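As structure tokens, one chain now follows by itself in the form predicted alone.
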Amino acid sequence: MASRALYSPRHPMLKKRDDFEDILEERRRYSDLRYALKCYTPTLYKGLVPCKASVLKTIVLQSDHLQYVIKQVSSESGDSPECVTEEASLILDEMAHRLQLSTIRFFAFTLSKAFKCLFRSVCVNEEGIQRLQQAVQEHPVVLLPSHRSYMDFLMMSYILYTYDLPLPVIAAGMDFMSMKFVGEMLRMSGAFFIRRSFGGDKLYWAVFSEYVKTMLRNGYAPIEFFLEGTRSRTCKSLTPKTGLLNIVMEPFFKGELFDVNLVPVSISYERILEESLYARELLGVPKPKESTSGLLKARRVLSEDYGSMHVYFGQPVSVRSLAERKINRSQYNLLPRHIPQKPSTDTHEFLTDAGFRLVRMQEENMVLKPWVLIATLLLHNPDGLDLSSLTEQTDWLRHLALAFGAFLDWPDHESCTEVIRSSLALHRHLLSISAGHVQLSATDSPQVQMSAEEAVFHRAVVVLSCASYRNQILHVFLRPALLAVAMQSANSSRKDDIYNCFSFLRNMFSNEFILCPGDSVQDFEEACYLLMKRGVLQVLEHEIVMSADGHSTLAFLCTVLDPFLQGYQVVCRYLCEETNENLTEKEFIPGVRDFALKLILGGRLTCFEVLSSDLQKNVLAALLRLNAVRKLKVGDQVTLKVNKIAVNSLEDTLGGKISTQKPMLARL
């Protein structure tokens, strides 16, 4: 392990947190109609006036870049340039937003009514808004919210309208276009629609990228998109997608813009609207198709209590500062600006690194509610806890989380018991409470006769719903937890042995969690620092030793990662024991799910999280990356070729059966 000074950030408890304002408080006191019809005069970038949608379309179609690609496509396909231009025009019509203030005012009125029914409060950090107001005037702005709910993009526009900030244009999936009336309303509120996959469609990519870059170069409006690409069904942050990030950075790379401000936004929910839907999707129930009728049926959620919501606007990140000494912009001078260029290896690595760091910033500014601590403890104790014990353990966990830098929203003037009772009441649909004993409900459908398989499914819905809240705090415990498991598995107090094991686990789980590429040593040192500061470890020159009072903390941290360790081992076992030579990619998820179900019904597995398709996909991605599994295309199907020796070795390593001194681990 490279010798470096221990990671030593400022004490997390000393980090200044912004003040929050509940924007619904004023809405409850004053007229929603007056709010919707208020004078809306946002300050724009360099005082520019947004052009009409028709003018924007003309600028895009006449751009040198798109004209160049049109000629290319025409030459390759044999179609006339006029035909290809017409196709580009149709793509643009399908894609483009038609932002109208009248539609925004309609949404301002209706969303005010809806949000007051759904949420007790919607809290926004005032300093973040002030920073954004300044950033919008200096350089083009790109908003990068976390994505846990369909509510995210609606809330973003609502907040910007509330604070008289320019409304963003928002990258949205084509799914919404199928919603009659609603799809067009979203288009008129700033949404532009893009396909989930472009394939090799050169023209579509050119139209899309030029459309986004034209809006950015002209300061037309802030661009908003989700770095994770889709909603996280597990409430863990997803690996960032870098395609759109490259598009918004390219005008800076090519010298067309002096700078671009990237603003990470962290959106936290005390109770998630899609909670049960997500759990069912993870268990194989198809996602409901977006439709207007489905939206109308969902009106019943307005009678539910979803607690509070926090939106934290992070520090604007300058692309110029981010790219300093990392990107050689002279490479973009070798060709005229309008000629498309694939990102170089250096640029691709920079985009990946930037994407991970921006998502990490989102994680660090997530406001966590007491329920995430309670959910963590209830998952660790499937037989439940007495209320007094739950209160004591939650208070212990609260102090541990704060010591590790958690952004915890804990009421100041309430006792721990009162805080816990309030959280239990909000999430009572997931709980069984009897005679002061609290545990997760055995099923989400009580008083219904069901088979053993159905009982497992309904229990899994409850567990995965609860896990979605535990997952919100995983980033706080992740690095110390990796170190705790490494210490347990290494069977050695030598620092190098423990680091080797830590590095293996970090690599194995790099599809599961946000772990910045190349930061293995820094993450190890951060974990050592946090546990040493907490009095759990003593870190000597060549050894790491557990202190006398450290056992309970290390045991808890090992338990945090246990569902993932079990899940990865079960998938490895399935690939070694149950698969034949012709396992297709489509058969993988159903196959693993059936295998895990048999283990649960047979009493050999108690971890219901193993049934999650998200975990199963992440294991497959890790095994592909480690070359333990290969993909082969046979006809129209993708077949998985399993190296059973390598997979079996990985399973043994995850189970702690292989010593860290063996060469096998060093290679992995």
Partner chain sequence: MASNGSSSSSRSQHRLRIIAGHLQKRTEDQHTSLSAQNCRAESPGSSPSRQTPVPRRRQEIMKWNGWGYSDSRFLFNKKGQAEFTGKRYRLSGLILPSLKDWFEGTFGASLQHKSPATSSLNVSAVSPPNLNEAFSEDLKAAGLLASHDAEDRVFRAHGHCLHEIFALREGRIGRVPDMVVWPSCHSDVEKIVDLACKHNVCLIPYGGGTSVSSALECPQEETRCIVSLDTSQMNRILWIDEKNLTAHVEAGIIGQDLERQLNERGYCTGHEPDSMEFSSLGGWVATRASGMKKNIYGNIEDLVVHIKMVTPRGVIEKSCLGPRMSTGPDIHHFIMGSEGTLGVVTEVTMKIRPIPEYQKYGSVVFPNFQQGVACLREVARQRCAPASIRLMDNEQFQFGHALKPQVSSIFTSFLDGLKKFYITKFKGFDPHHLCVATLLFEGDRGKVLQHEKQVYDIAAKFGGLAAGEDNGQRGYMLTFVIAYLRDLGMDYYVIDESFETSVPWDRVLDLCRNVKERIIRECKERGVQFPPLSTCRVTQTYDAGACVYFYFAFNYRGLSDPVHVYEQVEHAAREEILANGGSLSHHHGVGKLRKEWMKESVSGVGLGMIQSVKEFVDPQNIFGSRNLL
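Numbering follows the first chain given and starts at 1. Note that this is a predicted model, so its numbers are computed, not measured.
Omitted here: the form predicted together with its partner chain. The next part is about that form.
- This chain appears without its partner; in the predicted complex, the one residue of 573, 254, 98, 231 with a heavy atom within 4.5 Å of its partner chain is 254.
- For the candidate set 337, 131, 120, 357, a heavy atom within 4.5 Å of its partner chain in the predicted complex is found for exactly one residue, namely 337.
- The three residues 46, 320 and 332 all sit with a heavy atom within 4.5 Å of its partner chain in the predicted complex.
- Of the candidate stretches 149 to 157, 269 to 277, 187 to 195, 323 to 331, only 323 to 331 has residues with heavy atoms within 4.5 Å of its partner chain in the predicted complex.
- In the predicted complex, its partner chain sits within 4.5 Å of a heavy atom belonging to residue 259.
- The closest heavy atom approach of residue 506 to its partner chain in the predicted complex falls outside 4.5 Å.
- Its partner chain in the predicted complex is approached by residue 139, whose closest heavy atom lies within 4.5 angstroms of it.
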